[in-house]
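A single chain comes next, written as structure tokens; it is the form predicted alone.
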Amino acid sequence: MFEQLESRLTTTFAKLRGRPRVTDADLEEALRDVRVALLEADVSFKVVRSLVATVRERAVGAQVVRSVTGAQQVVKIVHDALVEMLGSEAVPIARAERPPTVIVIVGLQGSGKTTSAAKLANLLRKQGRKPVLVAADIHRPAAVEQLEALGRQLQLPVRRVVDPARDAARIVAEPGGDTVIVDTAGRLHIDEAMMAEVEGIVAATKPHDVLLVVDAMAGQDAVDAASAFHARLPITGLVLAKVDSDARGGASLSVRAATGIPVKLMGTGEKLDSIEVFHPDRLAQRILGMGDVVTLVEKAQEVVDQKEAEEQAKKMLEARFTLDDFYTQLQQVKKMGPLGDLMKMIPGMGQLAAQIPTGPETERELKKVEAIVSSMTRAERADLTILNGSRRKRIARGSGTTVSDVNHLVKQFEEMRKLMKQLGPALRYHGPLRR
């Protein structure tokens, strides 16, 4: 996701960093590239105009022109402006003081409501809650059966209804769990019948959260749909579905700024655990090619010791991360998710990740990287400067690869270390070490 935008912005800022000092012309060229990149990514024109104006004003105020650190300052200013545009802070899913917490899921037909309801239930269960799903979409063929099938996969209860408003209110009164998630009916377009039915459910259940699911692939139509729903319903948060299928990502960046509704969750894949809490600062880091160290560490914490994960994060942020540490992480990769997705979270490795194919070839690439690193000695993993020609030939022979493969991996890792050294202070400020 956001591959197109990330690629354009990474190129823009790499060019800016290559200048000894930032001139007025350099700044205007960079801002022009940022504006074009955002517009091509389908970000709303008004949002783009506002963001570029904010960056220009702050860059002038910070006197980045002719500063030796001007390029880094511009990157940080763009980062901060993106974070503000996306909502500044993560907004959690509601939790009632007295159970049950009631969450109503709304949206157009085909936006991904039913799957998002199941993913949310799975996420909340991991947080210690006891969710109950309510199949209140009685109009779309097989909608109830779909939710029941997802419930069986998750081993979670799914309740059927006949009269959506009346029966949902009855289930809320006797839920059998501490969180009730109501999947409502949608239509191919917004109409009075759909709105009236959803308004009835909301009035009857008095939800603590009304989450609107929008299809990230719908582009600016997603923004229009969000505005229309918000005009009739007390929407408390957005769920961006199918974000992984939208290489541009413009709707994801526009919808919060255009509607004022906070984005709470992102659907990042087809699996029922492919959903993330929406963190504006982390998303801004991904878009700017800075990776997402915090999310990577959180994924690691599911399979490794928490203390060890925190130490690895600290090493990365301080640019002390070695290939030996990388090798240790590789042992956990299969448990944490697809290799390409994980490598995109590591600063400087996004371009390498983009070259890694999906499917069986991904596994082969992982094995190649692991073979190269495992063919190195501990001393070589800790200090890449000792890798002379003969050592690289030995590593290539031992791993069944070529010297070119070894050189490519070493180059990418050194670039990652270099980028971390440049951006470490900014990442620490916005990351877990600040807390």
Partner chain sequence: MSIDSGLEKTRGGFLARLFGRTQEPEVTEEWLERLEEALLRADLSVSLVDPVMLQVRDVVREGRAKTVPTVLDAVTDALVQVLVTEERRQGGTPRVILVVGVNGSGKTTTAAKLAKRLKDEGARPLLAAADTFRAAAIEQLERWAQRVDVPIVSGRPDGDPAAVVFDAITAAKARGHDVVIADTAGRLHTKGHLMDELGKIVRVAGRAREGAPDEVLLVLDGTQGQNAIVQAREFTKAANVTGLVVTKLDGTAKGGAVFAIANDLRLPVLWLGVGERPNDLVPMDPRAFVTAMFERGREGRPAGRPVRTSDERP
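Keep in mind that this is a model prediction, so the values were computed, not measured. C-alpha atoms forming the largest set that superposes within 1.5 Å between two forms make up the rigid core. Positions refer to the first chain, counted from 1.
The same protein has a further form, the form predicted in complex with the partner chain, not shown here; the description that follows concerns it.
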(message) Going by heavy atom distances of 4.5 angstroms or less, which of Asp215, Asp80, Glu276, Asp209 would be at the interface with the partner chain in the model of the complex?
(response) Asp215
(request) Answer with one of Gly219, Pro157, Pro99, Gly200: the residue that has a non-hydrogen atom within 4.5 Å of the partner chain in the model of the complex. (result) Gly219
(request) Name the stretch: of 127-135, 190-198, 162-170, 85-93, exactly one has residues whose heavy atoms fall within 4.5 Å of the partner chain in the model of the complex. (result) 190-198
(request) Could you confirm whether Pro175 comes within 4.5 Å of the partner chain in the model of the complex, counting heavy atoms only? (result) no
(message) Would you classify Pro280 as touching the partner chain in the model of the complex, given a 4.5 Å non-hydrogen atom cut-off?
(response) no
(message) Can you tell me whether Lys46 touches the partner chain? I mean in the model of the complex, with a 4.5 angstroms heavy atom cut-off.
(response) yes
(message) Within 4.5 Å, heavy atoms only: does Glu370 come near the partner chain in the model of the complex?
(response) no
(request) Report yes if all three of Val36, Glu40 and Glu145 come within 4.5 Å of the partner chain in the model of the complex by some heavy atom, otherwise no. (result) yes
(request) May I ask you to list the residues of 138-154 that have any heavy atom within 4.5 angstroms of the partner chain in the model of the complex, in sequence order? (result) His139, Arg140, Pro141, Ala142, Glu145, Gln146, Ala149, Leu150
(request) Align on the rigid core first; then say whether the Cα of Ile103 has moved by at least 2 Å between the shown form and the other one. (result) no
(request) Please check if Gln220 moves between the shown form and the other one, taking a CA shift of 2 Å or more relative to the superposed core as movement. (result) yes
(request) Answer with closer or farther for the CA-CA spacing of Ile190 and Asp215 in the model of the complex compared to the shown form; it moves by 3 Å or more. (result) farther
(message) Given that the shift is 3 Å or more, do the Cα atoms of His189 and Pro207 end up closer or farther apart in the model of the complex than in this form?
(response) closer
